[in-house]
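There is one chain below, alone, in structure tokens, taken in the form predicted on its own.
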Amino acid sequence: MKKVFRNKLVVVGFVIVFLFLVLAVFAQIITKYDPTAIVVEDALLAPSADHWLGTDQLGRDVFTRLVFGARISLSVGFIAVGIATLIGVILGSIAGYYRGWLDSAIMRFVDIMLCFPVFFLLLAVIAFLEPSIFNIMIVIGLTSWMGVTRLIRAEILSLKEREFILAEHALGASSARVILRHLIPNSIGPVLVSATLGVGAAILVESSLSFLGLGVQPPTPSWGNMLIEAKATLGVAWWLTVFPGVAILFTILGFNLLGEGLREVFGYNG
């Protein structure tokens, strides 16, 4: 941990991510406004002491919607990446450890999945499903596991011939024990880097889907649907587009800095 927090990129990224996590977790304490309450007489108010980031065309407080939207974006990012990482670790471990026809079958399936343009695949799947937070998490997770699979497979291929693994086999350890107790834990560094970078990518995908009307549906606040709602007043209320855009920018920047810092710490160059 000392080595991790000596890295400047990790520290800066961690501070940014931690700030947004605090805003998301304590949203109901931080702000006194309801994110969905319509107050027509307060429509399109500029940033002020009462409304720190102004109000939208329905009189809803932008700061309130921003911090509640952080809950949605971060939840989607963490859960989608959790699903993708779990699938990738399982398939990559099996492919790397057992090799043979099983490895070939898994990796050819990975190659097929990588041939599809992921965003258009997401659009196609979401179009057939009811747009909801749950569906978005699942779909993003199920379409972004391929990189983790290839990564964990490569790590296990390099680890399985090491002396401590051969010693485990000589002592009669089962394949499950070798994979779960030794191979996966020793491959966790690169996987952690990939997962950290993946959270930022998942947040960007969720925001893009919500911007296109296929993600989180109003009145639930999401940074993506806040941007699409602000399009009608782009020339009148600049704050409606600037602040959600800045939130997306800094959140993704925070995760990317954190991921790059961890990459340096673990010495992973993939």
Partner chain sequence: MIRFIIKRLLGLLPLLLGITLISFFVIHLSPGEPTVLQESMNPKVSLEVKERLLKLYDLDKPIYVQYINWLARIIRFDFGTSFIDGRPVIEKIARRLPLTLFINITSMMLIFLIAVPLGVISAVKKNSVFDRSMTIFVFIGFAMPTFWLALLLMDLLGVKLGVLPVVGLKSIDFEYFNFFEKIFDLAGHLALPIVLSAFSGLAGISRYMRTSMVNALKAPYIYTARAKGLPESQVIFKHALRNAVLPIVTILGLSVPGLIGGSVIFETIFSLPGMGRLFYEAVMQRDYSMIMASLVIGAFLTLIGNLLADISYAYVDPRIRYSKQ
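Numbering follows the first chain given and starts at 1. Please read these numbers as outputs of a predicted model, since none were measured by experiment.
What follows is about the form predicted together with the partner chain, which we do not show.
- The three residues 78, 83 and 157 each lack any heavy atom within 4.5 Å of the partner chain in the predicted complex.
- Proximity to the partner chain in the predicted complex, defined as a heavy atom within 4.5 Å, singles out one entry of 113, 133, 87, 192, which is 113.
- None of 227, 216, 53, 67 but one reaches within 4.5 angstroms of the partner chain in the predicted complex through a heavy atom, and that residue is 227.
- Of the candidate stretches 26-34, 58-66, 39-47, 230-238, only 230-238 has residues whose heavy atoms lie within 4.5 Å of the partner chain in the predicted complex.
- Among residues of the shown chain, residue 252 is one whose heavy atoms approach the partner chain to within 4.5 Å in the predicted complex.
- The partner chain in the predicted complex comes within 4.5 Å of no heavy atom belonging to residue 222.
- Although the partner is absent here, residue 246 sits close enough that one of its heavy atoms falls within 4.5 Å of the partner chain in the predicted complex.
- Residue contact with the partner chain in the predicted complex: residue 124 places a heavy atom within 4.5 Å of it.
- Taking the partner chain as positioned in the predicted complex, none of the residues of 71-99 brings a heavy atom within 4.5 Å of it.
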